[in-house]
Structure formats: C-alpha cells, structure tokens
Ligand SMILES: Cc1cc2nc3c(=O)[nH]c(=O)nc-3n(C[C@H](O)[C@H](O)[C@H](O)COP(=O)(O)OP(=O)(O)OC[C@H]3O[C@@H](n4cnc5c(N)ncnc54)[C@H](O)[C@@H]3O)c2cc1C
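Before any questions on binding or motion, here is one chain by itself as structure tokens, the form predicted on its own.
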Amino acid sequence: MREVEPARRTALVDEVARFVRSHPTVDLPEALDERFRWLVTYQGELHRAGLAVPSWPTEFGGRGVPISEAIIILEELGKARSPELINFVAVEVLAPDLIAFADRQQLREWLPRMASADEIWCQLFSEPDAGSDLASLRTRAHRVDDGWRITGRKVWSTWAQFADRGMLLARTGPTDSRHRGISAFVIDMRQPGIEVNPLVTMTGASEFAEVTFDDVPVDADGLIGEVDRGWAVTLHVLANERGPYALRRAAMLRAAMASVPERARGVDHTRTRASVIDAYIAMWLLDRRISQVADDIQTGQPVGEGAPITKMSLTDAEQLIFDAAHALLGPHGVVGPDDLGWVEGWLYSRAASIYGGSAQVQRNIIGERLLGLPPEPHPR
C-alpha cells in the first residue's frame, strides 16, 4: 500500500483526536430509539468533519483522500472506540454496488444523504428460507404498467424499522430459475404495504428486523441493473462488503485487542493464556489480509475473489478476541459491569460465523473455487 508521509500521517491522527475529544461517546443512551437518534447525529457530525467517508469523491459527499489516508482515519477512530457508522449498511455494503450499477443522477441524490445519515438504508436480501442459499429466494416482483409490485418476506435486515430506503432482491423469472431470474430494486420503505417487525437478539438489542411486503409498488427507475440479472448485483455487494467494511471492522477489532494485554497481566492459567495467544495470531493474520484488501482497493483491483478469505479472517479474529476477553473476565465479567462492552461483544461475536455468509459456505467456496478441490458431495 502507498506510504503516507509522516507529516501527513501526524496531521490526520491529530485531526481525528480533535474530533474525538470534542465528541465524547461515553454516555450513549440505552433506549434503542434514543441511541439510534444519537448515532444518526454522530454520523452527521463525522460527515461534516470529513471523517465519515473520507475516500469517497467530493461529488458524492466524501473528501476524496487516497485509501491509504482513509485507512489511517479508520484506524484512529477504531483506537478511540468511535461508534460504528449507524448507516454502515448503506455506506460500506450498498454504496459500492450502486456506484457500479446506478446512474450518476441517482448517485448524486442518494450517496451524500447516505454519508450524512440523513437517509437510512437497509439491505433486503436474506429470507426465512433463503440465507446462505440466497438463490432460493421467493420474494416476487411482478411487472405492472408503471413499474413493479413486490410481495414476499425478508429477515435479518439491519435497522429496517428506521430505514427510509432499502435495496431488495426479488424473483422476476420463473420459480426454478434461481440465479438467472433475480432482479435488484431500490424501494421506498415509508409506503403502505410494508410491515416491519424488529427481532430481539440475545444481546438484548433489536437492530435486526423481519420485513413483509404486500403488493408494494416500485417505480420503473427503481430497478438496479438489468431485469433477471440481479445476481451480478448480488455478487458485487457480497464481494465489496468485504472491502471497506473489512477495513473498518478490522480497525475496531484491533482497538479491542489492544486492551487485552492489560487484563492478561498476571494470568497464569494455561488455557486462558492460550486463548490470548490464539487471539493475537488471528489478529496478525487478519492484519495481513487487510493489507492485501487495502492494496487491492487502492490499485483498483477487484476484491471479490478473495472475499471468502477476508470473511473467514474477520470471523476468526472477532470470535477469538472476544473468547480471550471472556476467558480473562471470568464469571465476574458476566455478572459485573460491562465497562468495555466485552460481554455484549462476546454474545454478538457468536453470530460472526453466520451473518454475511456462513463459515461452512465460505470454506466450500475457498476449497472449490479458489483451490480447485472437488466439490462437496450432495446426497441424491
């Protein structure tokens, strides 16, 4: 990755430090609605400071800095435990896809409002019976004179209860067409016919939701890409969410890892020490992978081919880091104050091997597509 001059690095570090000092996050509201509004305001402040999407072109709400400088900003925000962007689904997952498939006028309308969190987006891909096997989705879009009508059900959609828009996958071809009969749409989430039911997870939060669509209209210009060619849009999303998202998530994990040594001092329990060592190894491997992702982004290379490796590296690091913290905290960490968010983080990390593509599916992709191994046998 291109090196950043020491003076420029120092200036960026100081810039982030000034922002963090003037925007303390120690007293986040506990009520979900209040916390959500606080985080929307916080992302707006980040955006106005040029720190939310620093590598985006200025035309779309960024500041146009090289990815090498953007990574420094992400790392410093991570070290300071700055909250994750409330609109991270839009900024880090959907925006690269829209840039690839939407027209320039749509981008000028959508992206700046994504960056500032003036408009919240959700991702409407997974279904109750179509998670890792997304090609089996059943939500249906049928054509009408002025566009399309959507009927079906989605699940595990982050912040759908607060979303203004969503990117949705629906079947426009025959039921058995699988990849060949899927189309992608941008849908207005504030219209009749959409029912959103938040889902409470074991962390006590309800950031996910199940969404039902009952003959919901979508204008003709809500189609992204070509009819029945939405699988290309899907693959682009799944590949690129391992790019910017991976950079930001790795920075947050690195910051979490930095606080482990203090708690590990004086611990002589063999199994606990081994868990800390495992976490260090996983973080080291993730850093090597993130360096490659950053190089690919900076040089304009596609990050899709190695996306399963990135996903597995993130999963391993997240789970092992929080396993180490859990081991260090012991039983008192479960019943005492969660001062660094370790308990909530450990609970949430259990899902890392499921969301965004299960670990089993990612390993199959690595084995079959990247290593050329024989495919897994399927029962007849």
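Residue numbers run from 1 along the displayed sequence. Treat the numbers as computed from the prediction; the structure is a model and nothing was measured.
The same protein also has a form predicted together with the ligand, omitted here; what follows describes it.
Across the options 66 to 74, 344 to 352, 51 to 59, 313 to 321, residues that bring heavy atoms within 4.5 Å of the ligand in the predicted complex belong to 344 to 352.
The partner is absent here, but in the predicted complex a heavy atom of 158, alone among 82, 158, 183, 139, sits within 4.5 Å of the ligand. Of the candidates 234, 275, 126, 172, 126 is the one whose heavy atoms come within 4.5 Å of the ligand in the predicted complex; the others do not. In the predicted complex, the ligand sits beyond 4.5 Å of every heavy atom of residue 92. Interface residue remark: residue 5 is not counted as part of the site for the ligand in the predicted complex, having no heavy atom within 4.5 Å. Of the heavy atoms in residue 361, some are within 4.5 Å of the ligand in the predicted complex.
For residue 356, a non-hydrogen atom is located within 4.5 Å of the ligand in the predicted complex, even though that partner is not displayed. Contacts of stretch 166 to 192 with the ligand in the predicted complex, defined by any heavy atom lying within 4.5 Å, are made by none of its residues.
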